[in-house]
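What follows is one chain in C-alpha cells, specifically the form predicted alone.
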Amino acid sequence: MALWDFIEAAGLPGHRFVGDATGEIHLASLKGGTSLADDIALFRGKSVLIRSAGQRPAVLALAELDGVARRLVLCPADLPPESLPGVIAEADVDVLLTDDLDAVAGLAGSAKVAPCGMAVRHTGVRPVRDTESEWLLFTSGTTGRPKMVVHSLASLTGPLQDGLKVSPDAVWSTFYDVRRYGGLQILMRALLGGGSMVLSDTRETLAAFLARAGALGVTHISGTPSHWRRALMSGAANAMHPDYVRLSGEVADQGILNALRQCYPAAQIAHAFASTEAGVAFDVRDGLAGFPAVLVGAQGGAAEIRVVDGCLQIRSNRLAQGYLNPAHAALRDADGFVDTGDIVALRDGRYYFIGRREGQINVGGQKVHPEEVEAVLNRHPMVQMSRVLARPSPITGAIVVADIVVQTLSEAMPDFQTISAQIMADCRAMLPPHKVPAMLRQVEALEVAASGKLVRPRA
C-alpha cells in the first residue's frame, strides 16, 4: 500500500484537514488528485526531489507520488540552495519539484525542474501506484553536512503501533518540519490515524503559530525541548490546550518536563528517543527524565535496546535501510544494532541521557557532556534556556562556561548576580568540580536550528 491508500483507509470525513498559515485543505477534496497527476508520467519510476518554501505542498506531493516515484527526496527548507547540485547528484535526482523556480535556476543540472503547484482536481481518476518508493531524509545534526538516510513507508510507519490511544478526530501538530524524521512521524500519525494536521510555518511568528494551533483545536503536539523552551518564553504557550505533549530530539531534562506540566496540567507529557537512522526506540510517559532500566535488554518488544560502553544502541524494524552514500560508515553493526552516539548513565534503576559522544568537552583529560551540565542549570526556576560550551584554557586545555537566558527581570525578581550565585551553588552540590562552569553569562537568546536543536559552536 502507498501513502494515499492508507489515508483513504483511515477515512475521509469532511472535517479532516491539513493546514498551514495560508489556510486548510480538506483531505476529502484530494480524492480526485492534485495537478501533479496531470503529468504523472514525468514522475513514474523517477527520483524526485521535493523542495518547497511551505510544508503543505510537500505533504500533498508525498500523498500523490508515493507508490509512483521510485525515490522521494524530502528537502528541508533550510537546505542552502548551493547544496542542491551535490544532493541532486548523490540522490540521482531526475525531477526537482519546487515552488520557487527562480531559487533553483542553474542549480538543477541534468534534473528536470517541475513546478509543484497544488491545484485540486476533481476527475476522480487516481494514478496506479505499484512502486515501493524509497524515502530519503536528511539527518538533523547541527554541525557538518547532513547525510541522506534511506527509509521505506514501512519503516516510517512502524513506530505508530506504540499503544497510544488516540481519537480519530485528533488534531495533530508539531514544531518540526515534516520533511525531517520527527515531523514526518507526526504527519504519519495524523494521516494514517484518521486525524488532521496543523503545520508550522516559517511565514508566521511563534506566537501566531501557537494561537493558530489553539484556534484549530490541536490535541497532540510535539517538538524538541528547545522548541518547548522557546514556546514557554514566548508568553503564548497558553493559547492552546493540548491533551498530549511530546518532546524528542534532545535531552528532556526534569526542568522542562516540570515546566510543561505546570503549563499544561491536564495534558499527558511524554518524551521519546528517536533519530533519523534508528527511528523511534521508545517513549516515556511517567513525567520523569531518563528511562527505566528494564527497557534495556528486554526481548520481544518493537525495539531492542542495549548499552555498550555507555552508548545507547538500538535494533528494530523501524531502522533506516542505510545511508544513501556507500562511502559513509555502515549504519548497523554485525548484530543489526545502530550505535546512536548518545551516552547514558545508570542511576537508581533508571538510565539518564548524559550527552552526545562527539560533543564532549575535555577538561584536563576529564570528559564533560554539555547536556549533563545544562540539566542542572535548567533546574533553576529563573533559567529559561541554557547552553554549555568550551572555552580554551592554557592549563586544562578547556574550561566549561555557560550562556543562560533568564526570565525577564523586574523589581520583584533577583538580579543576575544573585541568580548566578544560586545556580553555582546548585552546580557545586550536584556536579564534580571539573563539570562546574567557570563562568555564567547572561544572554538575550540562544540560537535554535531549523531542526529544533540548540545550535552548538563547532570546536
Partner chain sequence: MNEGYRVISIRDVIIEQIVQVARQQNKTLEPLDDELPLLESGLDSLCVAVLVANLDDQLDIDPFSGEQEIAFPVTLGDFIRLYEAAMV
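Residue numbers count along the first chain shown, from 1. Here the structure is a predicted model, which means the values were calculated and not measured.
One more form of this protein exists, namely the form predicted in complex with the partner chain; it is left out here, but the text below deals with it.
One stretch from 447-455, 20-28, 7-15, 433-441 that, in the predicted complex, holds residues within 4.5 Å of the partner chain by heavy atom: Careful reading of the contacts points to 433-441.
is_contact(residue 427, the partner chain) in the predicted complex, heavy atom dist at most 4.5 Å: Because no heavy atom of residue 427 falls inside 4.5 Å of the partner chain in the predicted complex, the answer is no.
4.5 angstroms heavy atom contact with the partner chain in the predicted complex for residue 396: Answer yes; at least one heavy atom of residue 396 falls within 4.5 Å of the partner chain in the predicted complex.
Residue 391, heavy atom within 4.5 angstroms of the partner chain in the predicted complex: Yes.
Heavy atom of residue 363 within 4.5 Å of the partner chain in the predicted complex: Yes, residue 363 sits close enough to the partner chain in the predicted complex that at least one of its heavy atoms falls within 4.5 Å.
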